[in-house]
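First, one chain by itself: the form predicted alone, in C-alpha cells.
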Amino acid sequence: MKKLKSLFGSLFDRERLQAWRARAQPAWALVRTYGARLYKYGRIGAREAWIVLQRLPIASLSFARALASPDYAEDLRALHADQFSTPGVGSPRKPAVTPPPPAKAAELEKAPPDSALLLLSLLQKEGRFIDFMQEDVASYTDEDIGAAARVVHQGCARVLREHLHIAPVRTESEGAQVTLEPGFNPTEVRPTGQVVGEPPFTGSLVHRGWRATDIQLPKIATSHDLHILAAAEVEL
C-alpha cells in the first residue's frame, strides 16, 4: 500500500506537473494558433462549396437546355459577350485604365516682330522714345533730363491711350495682403521672396501688374518696311 501511494505521489507531484505544463505550453500555443486558422479557412471553404453546390443544378439545367434549344444557346452567348464587353456589368475584370499621355514640354515660339516694331515706331513718332533712349544723358543735368522726360512721357502716354487698353492684373491696392490659391496662373502672378512649399501663399502685393485687354494698332500697307522705325530727315 505504501508503494502504491508513493507511486501515485510521484505521478501527481506538483513540481513535475508544473514542469510538464511549461514544456507543453509552446506546443499548445501553436495548436491554438493553427487550429484557429484551420477553422477559419475551413468555414470559408465550406461556404464556397455550398454556394457551388447550390448553383450546380441551375448550371446543369441551363447546360441541358442550351444543348436542346439553339435560341436559348444564342441568348446565353449574347449575354456572356455583353457582360464582358460592358465595364462593371457582370464581369469580374476591371476596365483597362489608359494611362494619360506624357505631358509635352512647352514649345517655344518666336514672337512675331511686326506689332512690336509698329508700336516702337509710334512711340518714336509721338514721344521721341528711341531718341531719348539712345541719347547719352551722362553729360546732361537732372533738370535737363527731367524736362526731356516730361515730353517723352506725354507722347508715349498718348500712344498707349490711343492704341492699347491696359488694366492692372490685380485689383487690390499695393501693399495689401493677398492669398495665392492652388492653381494660380504663374504668368499673371510671380511670387517673390521666400517661396517654400506648396500654395496657398499669403504675402504683400508689391506691384499690381499690367495686362493689355485690347490692342488697336493702325493698319499699314504691305509695302511698308516695319524695320524702319523712323525715317531719316533731310532738310532741303
Partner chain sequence: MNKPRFAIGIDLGTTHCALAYVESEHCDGEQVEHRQMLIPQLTAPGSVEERPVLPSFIYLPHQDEFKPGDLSLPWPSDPGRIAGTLARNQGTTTPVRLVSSAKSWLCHPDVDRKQAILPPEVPRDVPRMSPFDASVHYLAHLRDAWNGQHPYDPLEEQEVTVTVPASFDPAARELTAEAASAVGIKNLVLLEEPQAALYSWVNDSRGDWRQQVKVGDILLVVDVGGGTTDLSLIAVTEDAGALELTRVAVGEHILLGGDNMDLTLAHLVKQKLKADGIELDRWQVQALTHGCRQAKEALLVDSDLEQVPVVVPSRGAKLIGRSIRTELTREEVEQTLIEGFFPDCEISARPAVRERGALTKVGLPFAQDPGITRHLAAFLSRQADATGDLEGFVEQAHWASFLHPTAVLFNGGVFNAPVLRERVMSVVNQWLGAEDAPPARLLNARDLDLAVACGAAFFAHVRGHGGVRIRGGTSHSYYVGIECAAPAIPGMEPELQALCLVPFGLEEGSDPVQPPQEFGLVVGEPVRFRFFGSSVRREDQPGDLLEEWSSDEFDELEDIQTNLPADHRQQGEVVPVRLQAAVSEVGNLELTAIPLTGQPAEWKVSFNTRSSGER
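Positions refer to the first chain, counted from 1. Values in this document were obtained by computation on a predicted structure and should not be read as measured data.
Keep in mind the form predicted in complex with its partner chain is missing from the figure; the text below concerns it.
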| property | result |
| --- | --- |
| 4.5 angstroms heavy atom contact with its partner chain in the model of the complex for Ile220 | yes |
| Contact of Val137 with its partner chain in the model of the complex (heavy atom, 4.5 Å) | yes |
| Partner contact for Lys110 in the model of the complex: its partner chain, 4.5 angstroms, heavy atom | no |
| Its partner chain contact at Ala148 in the model of the complex, heavy atom, 4.5 Å | yes |
| Sequence-ordered residues of 165 to 190 touching its partner chain in the model of the complex, heavy atom within 4.5 Å | none |
